[in-house]
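Two forms of a single protein chain come next, each set out by itself as structure tokens; they are called structure 1 and structure 2.
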Structure 1
Amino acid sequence: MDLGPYLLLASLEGAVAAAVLALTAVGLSLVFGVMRVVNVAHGEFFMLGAVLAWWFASLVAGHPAFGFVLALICAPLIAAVIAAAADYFVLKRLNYDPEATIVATIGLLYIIQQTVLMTYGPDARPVEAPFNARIYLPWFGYSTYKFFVIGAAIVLLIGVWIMLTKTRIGLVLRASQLDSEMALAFGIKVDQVYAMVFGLGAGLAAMAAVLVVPIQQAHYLMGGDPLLLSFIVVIIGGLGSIAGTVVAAILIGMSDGIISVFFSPTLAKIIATLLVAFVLIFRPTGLFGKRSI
């Protein structure tokens, strides 16, 4: 195969990786942007979404599309409810202190991980795609499901953007982000806003996992890479910047896909980490971050 087909294949794989990464990282960025909480357990909500997708797929008989649709609806909701409960019972009690919440979310990481290990087991398990026809390009065939993942991620990200910029919910979120005390003075229940945001961030991560698990496999340790890459994306894009997060996710996801195809996934992670170092040196606030006054 010539260079052109390899480059096209690598670009398509990179686009899939970027779509999943953008969904996952936007959830992390949203939590930090509104709550100023670094959610170290974010990757475990991703893993939880994949495991729940496998559970729903195995629960529903018949065509795999039925179980997939059920997982696509229920898995993010379950992850969001668990995250909102964790916010209410743990983070709220810590008054969202930055250092304390990092330790608390590390504890949450191990609780979720070990609970899944005890109930789901240590084995990686596949989830059948709801459809898997192939589109035949000039050099090779490519899965229609992977195109669906890209399209679904774009639709979801546009939905998040519309919610944040065009709705009353988005206005309340932005008010709580800019000045929580003033928001309280105007009658906004900031505690409820924080619980909703923490749940939304976890739900987006779980949604990304449901989309990608037919391509990968569900495993109780699969949250590590999404967490690392999401932190890299959020740092490069700018802490709390949704637009910067999406741009950085496309940059990291595409480069990860291309480098992984031509060289190795390990080299892709090394280059991404070096890119973070350069961004922190030359632009500490990230590509789209704003300097504090």
Structure 2
Amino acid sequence: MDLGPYLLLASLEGAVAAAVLALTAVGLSLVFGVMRVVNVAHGEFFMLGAVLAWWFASLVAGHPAFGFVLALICAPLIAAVIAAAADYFVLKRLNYDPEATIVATIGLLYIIQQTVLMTYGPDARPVEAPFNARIYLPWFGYSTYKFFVIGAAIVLLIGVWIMLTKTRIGLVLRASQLDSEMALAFGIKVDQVYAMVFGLGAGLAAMAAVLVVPIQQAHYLMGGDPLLLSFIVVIIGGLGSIAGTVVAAILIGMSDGIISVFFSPTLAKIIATLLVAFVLIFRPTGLFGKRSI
């Protein structure tokens, strides 16, 4: 294929990857920004979203869109409730000590993953897209659903942004992020805020998964890659900086598509991981962040 259409396709694919990644990574970034917790189980909430999407879709007969809409509403809610419970029963009791919470979330990762294995099983299962028309360009065909994924992610991200900057909830979140003791002194129930943020982070990951599952499939080991990529994005973007996270997601998502045009894909992945390591070593605030970790 000629380079032009090739790059067009790589950009389209990159945009889909970036959209899903941005949603997932914003969840991780939010949790880190407000709670200073590195949630290693974040990828499992993503996986939980996909598996729940399959479950909801299989409950509803008729047009696949019904099941999809149901999943888009309910799967993130369930993931959020589970995450909030984990915060209440585990993380809170560790006083959000950074190292202890990492270890605890590693434990959480295995608990979620293995519980899904016991109930849902080891299969990869497809979920039908709500619509699936293909458009045919002169060089290749492309699924219209993928455009929907990009659009939906943009809408959701704008929603998160409005919530953080224009609403009272956002104000409370930002207050807790800046100074949790002061927020407490002003009568903000920091406990509840933390549980909510942890739930919100997990919910965003789950929502990203619901969007992507008609393209991929739900599988109990699918959380690993989104976790690693989200880490990369959050660090490059600057920990806790939501805008930086989104920019980095676009950067990483697009470059993943385009780098693989020129390099062996395995080599591309090595370059990406080393890049993260060196960004952290030589610019610990990330490319766009203000605070180091």
Partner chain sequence: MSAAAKSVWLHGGVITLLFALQFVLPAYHHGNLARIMVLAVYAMGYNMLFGYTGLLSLGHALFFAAGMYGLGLTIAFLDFAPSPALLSGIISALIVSAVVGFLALRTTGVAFMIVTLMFAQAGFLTILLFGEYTRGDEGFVIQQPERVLAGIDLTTPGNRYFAALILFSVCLIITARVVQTPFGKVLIAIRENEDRARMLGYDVLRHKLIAVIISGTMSGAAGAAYALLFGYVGASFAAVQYSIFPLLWVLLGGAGTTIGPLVGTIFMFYLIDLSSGLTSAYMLIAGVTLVLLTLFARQGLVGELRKRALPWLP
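Residue indices: 1-based, along structure 1. What you see is a predicted model; the values in this text were computed from it and never measured. Think of the rigid core as the biggest set of C-alphas that the two forms share within 1.5 Å after superposition.
Note that the form predicted together with its partner chain is the one shown as structure 2, not structure 1.
Comparing the forms between structures 1 and 2, the C-alpha position of residue 268 differs by 2 angstroms or more, with the core used for superposition.
The rigid core superposition between structures 1 and 2 gives a CA shift for residue 280 of 2.4 Å.
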